[in-house]
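Given next, in structure tokens, is a single chain: the form predicted on its own.
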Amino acid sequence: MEKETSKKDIAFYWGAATSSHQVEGNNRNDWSDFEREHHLMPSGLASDHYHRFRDDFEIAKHLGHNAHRFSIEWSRVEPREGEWDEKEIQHYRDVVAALRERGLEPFVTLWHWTVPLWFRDQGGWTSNKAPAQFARFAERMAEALPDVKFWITLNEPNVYTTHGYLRGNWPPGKKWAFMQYRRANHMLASAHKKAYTLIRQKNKNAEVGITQNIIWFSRRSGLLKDFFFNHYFVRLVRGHQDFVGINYYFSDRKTKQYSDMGWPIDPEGFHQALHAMARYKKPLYVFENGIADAKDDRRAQFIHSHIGILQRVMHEGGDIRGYFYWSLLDNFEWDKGFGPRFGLVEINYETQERHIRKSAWEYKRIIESALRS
């Protein structure tokens, strides 16, 4: 008779997250073109993580992390349809190896909003070809990185489709295009399902899911928003997730403190978000939770309060298996440029020097305390 695995036998992952376009630098994709066409601040060299990843992971190790979430830049590894750049694939093998060498479990995101130019030119996420093309990319990465266990196929599809097809301020820049919004959601869901199947076929031990941005809508008028923003996409991919990823930053409530982005700091909303996602009866990972705080005078308390909520939900029976602060590094914050500072590590963008913020050491103390208990 097989021994039943208890929650105590399951590792808890503490770490931070990054995404390729926001930290690597010198990417050419739909976002870099959108920056130029709309006269936005260019991402440029970003945090030069492409060349400095080993040093950055050494910092993460020094800060007590045992896991790291990063994303693969699709436009690097498949710059033309069906043509694989083996040098770039090797780069991501080196990234995984560098994490392993430092005792950090890799959590790989396949799509963090950017796509290759050829994919964009064929219609992007509204094309009939999109699901199969993405699944092919996922399969190739699963073959290239056979020792990776944790795969996040899609990052915040709800945020992407809202900005890209309703607000129009992100690629592909469509405004109030409701039919395209609906179609993009369904193509993304189909892409995830196909990728899920192929990754699991390549690696029987793989765990595959998405991560969803969750806003706690506290008002009664927010019930419809809650369904479409928080639950609509998760319901589209039910049956094809080994875990549910949660990204939480804020609620819709007025609070006493706000981030540099103007987002209300509301740990209680995090409590509600975790319980809302627990209904899907899957293990939960918090893949993003962070604050824009250039002065670093609110970040330590933000981390303390949100991890306190996380531990409270675990005591209430929630199956939560990881917490990743956003972000390890200051980075390019999309249409907001380099102004917002989310990093545990401060970046001097003129010199690319790294400086570990005081709040990063406080996070380390929280991790060490949790590991001892």
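These numbers were taken from a predicted model, which means no experiment stands behind them. Position 1 is the first residue in the sequence shown; the rest follow in order.
The same protein has a further form, the form predicted together with beta-D-glucopyranose, not shown here; the description that follows concerns it.
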property: Option from 23-31, 327-335, 343-351, 54-62 whose residues, in the predicted bound form, bring a heavy atom within 4.5 Å of beta-D-glucopyranose; result: 327-335
property: Residues Trp113, Asn155 and Asn213 all lining beta-D-glucopyranose in the predicted bound form, heavy atom within 4.5 Å; result: yes
property: Residue (of Asp293, Asp266, Glu73, Glu288) lying close to beta-D-glucopyranose in the predicted bound form, criterion heavy atoms within 4.5 Å; result: Glu288
property: Listed residue (Ser251, Thr109, Asn230, Asn247) with a non-hydrogen atom within 4.5 angstroms of beta-D-glucopyranose in the predicted bound form; result: Asn247
